[in-house]
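What follows is one chain in structure tokens, specifically the form predicted on its own.
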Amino acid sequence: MLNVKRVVLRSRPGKDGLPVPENFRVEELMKSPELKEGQVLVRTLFLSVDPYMRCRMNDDTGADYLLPWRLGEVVDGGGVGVVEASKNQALSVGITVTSFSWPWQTYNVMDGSLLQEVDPEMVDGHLSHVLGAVGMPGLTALLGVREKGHVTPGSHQTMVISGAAGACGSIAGQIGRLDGCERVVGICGSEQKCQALVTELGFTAGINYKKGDISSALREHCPAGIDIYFDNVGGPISDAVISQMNPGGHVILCGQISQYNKDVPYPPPLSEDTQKALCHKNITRERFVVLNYIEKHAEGLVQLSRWVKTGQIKVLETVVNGIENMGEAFCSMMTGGNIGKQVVKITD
């Protein structure tokens, strides 16, 4: 028998739409890890919390590729762990595995078809990076820039990234720089984050949207206008960026975290002025979903691994310890409490 801790969805956010740690409940129970053919027992090492999960707290996620979490049932998301017992010929005891649908439990009996083996060398032994820079957020950054950004080396382009100190934005800005953008400007919510963008990640500048006028700051740091906008937040910040974009520019519509707590469709409706700017300047703004590019994931992960291992991409990470802190880690991430990827360490 195993002593298993798990996190279930206790309640959905209230009328204000803001999630709170009390929406989640930690349960402890004894379970017998009996395996059927094809199954494995995994011990969880790290779990991921991500902005898209806010949509899964609703009755309707607003996206056909995302199922809502059910009340009273175990929550799931990105996870990485080690195989403790196996009845699956492809997955031997001791290997590291990951899944996009990993239940928030300390131990799980899972169907082997839901798991992918991880080579620890891909992340230089930093297994949490499987959930960040060399995982889905890294792929979102890489393929978002490559498929929707239209970066052209030598053309003196300026890229702006909102949510720039988060898991995806912090990688996207570095990829924009590596791919040839002349200026890479990040927007985030604190002076500490702005400093990290410039001194640690090589951004040209960081703008604290909570301090001063964001439009003035954009004019200062993007004197030739904005060519590419990697949009993680939406709302007034995106309106300000789009108003200063050059004709023929490109918006990479990755996320809208500022709107996730509101009862609006995804992507949320734009202001009339922003719609006019997009139309008159012939700016492309297409929704980007990384799952639509599965055939490019393997090659993308190899590229991300190479960049991380050679130090061309720096990884920022905020780690919280203990499955009992999953709810707090999630809510902190939703309000910008993290620098880089937010992960929760479950076991060693």
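From 1 onward, residues are counted along the sequence shown. It should be emphasised that the depicted structure is a prediction, and the values quoted were computed from it without experimental measurement.
Below, we turn to the form predicted together with a small molecule, even though it does not appear here.
Asks: In the model of the complex, which of the stretches 87-95, 273-281, 115-123, 185-193 has residues with heavy atoms within 4.5 Å of the small molecule?
Replies: Correct option: 185-193.
Asks: Considering non-hydrogen atoms and a 4.5 Å limit, which listed residue (Q256, T106, S99, S128) is close to the small molecule in the model of the complex?
Replies: Looking at Q256, T106, S99, S128 one by one, just Q256 meets the 4.5 Å heavy-atom criterion.
Asks: Check each of M136, I242, V151, L201 and return the one that places a heavy atom within 4.5 angstroms of the small molecule in the model of the complex.
Replies: It is M136 that has a heavy atom within 4.5 Å of the partner.
Asks: Can you check whether G300 is within 4.5 Å of the small molecule in the model of the complex, heavy atom basis?
Replies: G300 lies outside the contact set for the small molecule.
Asks: Verify the contact flag for M326: yes if a non-hydrogen atom of it lies within 4.5 Å of a non-hydrogen atom of the small molecule in the model of the complex, no if not.
Replies: So M326 does not count as contacting the small molecule.
Asks: Considering non-hydrogen atoms and a 4.5 Å limit, does the small molecule approach A167 in the model of the complex?
Replies: Heavy-atom contact with the small molecule at 4.5 Å: present for A167.
Asks: How about V308: is it within 4.5 Å of the small molecule in the model of the complex, going by heavy atoms?
Replies: The answer is no: V308 has no heavy atom within 4.5 Å of the small molecule.
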